[in-house]
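Heads up, the chain below is alone and in the form predicted alone; it's given as structure tokens.
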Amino acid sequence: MYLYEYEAIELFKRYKIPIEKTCLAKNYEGLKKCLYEIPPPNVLKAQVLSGKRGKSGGILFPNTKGEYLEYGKKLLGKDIAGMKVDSILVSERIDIKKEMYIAITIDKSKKKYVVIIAAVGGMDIEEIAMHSPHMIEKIIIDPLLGYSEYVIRRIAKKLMLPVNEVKKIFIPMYRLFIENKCLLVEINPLVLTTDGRLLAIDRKIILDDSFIRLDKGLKKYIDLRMCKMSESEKIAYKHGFSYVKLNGNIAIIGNGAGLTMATMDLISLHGGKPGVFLDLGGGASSERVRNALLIVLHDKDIDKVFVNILGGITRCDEVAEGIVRAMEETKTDKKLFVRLVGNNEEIGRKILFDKGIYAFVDLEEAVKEVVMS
């Protein structure tokens, strides 16, 4: 689960990671109250689950009271990456001497933790890698051994900071990561202020969905998120699907986040408008496929559904049976497109063919048909 920044701040404060002064506004009245706590010049940050909010106009820098109220009013209700802004984080404007990047995540290939640091910050790590690859360093940590003083010294050397100052950031950050079973804890940027303070002024946390269901302290984030979810999102979450509602009319169902995202990009490239992203995950049973398809078939904003399956541990015949069951149950007039390749694909295509459903093999051909039909 990707936390809102204001939720991440709660955990940062719990672990005493130094941050700037902030105030959360959930409506226009709240915005006016925050004005007196943190007067301009300050920063208005849209609270949406997107890493691209700055580029989408979701971070604004008012210098006066008039600008603050004007910018805040425009930001509330604004659409950013398909998500409506319903709260704003008001942050103290910081005089910055230096921006840096630090994150702790998991290297699944090595089955170890990895600390990623860069001597520049304030942009996506992908951009840093592209424009300043020499600025990035990765430090592997064995989960069984934990970090050592050597790790802290390497961070301090790379970021050109005093070791004692790095400890104030890294040690509580590492505890937060470990104790809450995080998939990612990121500070971007970590800043050195002109008066010598080291502050985490932009925070990102991704939690493990399986763990937060069991942890009483973290489960509240699920409960809060459920209150904001549509009925489709609640059903998708119940079944463990990665589900994102978008603005278009084409629902995309795939097995694996990478495949589903690539399919969504291809749809967009050919002029289509994705309306739902739904990742089945690996090894999907016919029942799981049926449940996924029923969710999008009941979405009034969707008129086309594209199921793209690359069968490995997922069997194409299981997928086909799930598709047939869902279509027979709904009797929908929505257009369905299927691409099946991989494990038991011939059996799966025959199951679909017998029910009058054609299954594509070539992805490019399938995508063109979805968009043009």
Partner chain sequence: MVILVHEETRLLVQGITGKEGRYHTDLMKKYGTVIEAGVTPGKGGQEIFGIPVYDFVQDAIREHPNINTSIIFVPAKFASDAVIEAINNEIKTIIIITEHIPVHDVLRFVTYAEYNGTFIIGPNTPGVISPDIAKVGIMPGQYFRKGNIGIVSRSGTLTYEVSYSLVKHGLGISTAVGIGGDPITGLSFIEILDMFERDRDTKAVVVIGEIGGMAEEELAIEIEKGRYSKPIIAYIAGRTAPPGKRMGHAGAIIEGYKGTYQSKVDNFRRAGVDVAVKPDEIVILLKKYL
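The shown structure was predicted, so the numbers you read here are calculated from the model rather than taken from an experiment. Just so we're on the same page, rigid core means the largest C-alpha set that superposes within 1.5 Å between forms. Positions refer to the first chain, counted from 1.
Form predicted together with the partner chain: not shown, discussed below.
Taken together, Leu69, Ser230 and Leu294 are entirely out of contact with the partner chain in the predicted complex: none brings a heavy atom within 4.5 Å. Though the partner chain is absent from this view, in the predicted complex it lies within 4.5 Å of a heavy atom of just one residue from His131, Lys111, His298, Lys73, which is Lys111. This chain lacks the partner; the member of Asp86, Asp95, Glu149, Glu287 within 4.5 angstroms of the partner chain in the predicted complex by a non-hydrogen atom is Glu149.
With the partner chain omitted here, the record of contacts in the predicted complex names 258-266 of 258-266, 86-94, 298-306, 193-201, defined by a heavy atom within 4.5 Å. The shortest heavy atom separation between Cys182 and the partner chain in the predicted complex is within 4.5 Å. Put simply, Asp354 is far from the partner chain in the predicted complex: not one heavy atom of it is within 4.5 Å. In the predicted complex, at least one heavy atom of Phe211 sits within 4.5 Å of the partner chain. Ile222 falls outside the set of residues with a heavy atom inside 4.5 Å of the partner chain in the predicted complex. Contact residues in stretch 339-356 (any heavy atom within 4.5 Å of the partner chain, taken in the predicted complex) are Arg339, Val341, Gly342, Asn343. Relative to the superposed core, Tyr237 shifts its CA atom by 2 Å or more between the shown form and the other one. For Pro39, the Cα coordinates differ by under 2 angstroms between the shown form and the other one after the core has been superposed. Superposition of the core reveals a Cα shift of 2 Å or more for Phe360 between the shown form and the other one.
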